[in-house]
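The chain below stands alone, shown as structure tokens; this is the form predicted on its own.
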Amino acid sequence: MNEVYVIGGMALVTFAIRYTMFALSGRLQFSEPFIKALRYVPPAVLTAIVVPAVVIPTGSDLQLSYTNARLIAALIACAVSWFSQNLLLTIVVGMMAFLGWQWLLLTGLV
């Protein structure tokens, strides 16, 4: 029963924070540098989430070797993204690279 209270409390806090910003968005004037800075928030948050999962896949040790399939797939996905500028192609190639490299590692071919 405590979990229900915790989840309900988190939902209320999340809704209050977001609703407050939406309710005030038409009434507040933000400066141009602040608006420019807000554009960097999504890439910064995504990087903070993805990079630890790629370079620390076990959660304890930094793995920067070719045996880290996530790292190899991330590097390939970065290259595909850089040259193609296509999100869907980047995701598909990144997943295929991850699965392929992991298969090569498991079969001992790499």
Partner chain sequence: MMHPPSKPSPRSEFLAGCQATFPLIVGAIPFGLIFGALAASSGLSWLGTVAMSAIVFAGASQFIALGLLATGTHWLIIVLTTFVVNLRHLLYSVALVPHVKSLPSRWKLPLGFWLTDETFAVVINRYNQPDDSPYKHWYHLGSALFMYSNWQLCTWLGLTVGRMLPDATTWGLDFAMSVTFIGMVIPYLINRPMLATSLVAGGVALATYSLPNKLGLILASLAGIGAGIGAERWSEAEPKRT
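For clarity, a rigid core is taken as the largest C-alpha set superposing within 1.5 Å between two forms. Everything quoted here is computed from the prediction, not taken from an experiment. Numbering follows the first chain given and starts at 1.
This next part talks about the form predicted in complex with its partner chain, which is not shown.
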Closest heavy atom of Leu109 to its partner chain in the predicted complex, within 4.5 Å or not?
no
Applying a 4.5 Å heavy atom distance criterion, does Phe98 contact its partner chain in the predicted complex?
yes
Contact label in the predicted complex: Thr67 to its partner chain, heavy atom within 4.5 Å
no
Can you tell me which bits of 27-61 touch its partner chain in the predicted complex, meaning any heavy atom within 4.5 Å?
Leu28, Gln29, Phe30, Phe34, Lys36, Ala37, Leu38, Arg39, Tyr40, Val41, Pro42, Pro43, Ala44, Val45, Leu46, Thr47, Ala48, Ile49, Val50, Val51, Pro52, Ala53, Val54, Val55, Ile56, Gly59
Leu28: with the rigid core matched between the shown form and the other one, does its Cα shift 2 Å or more?
yes
Establish whether a shift of 2 Å or more occurs at the C-alpha of Leu88 between the shown form and the other one, with the two forms superposed on the rigid core.
no
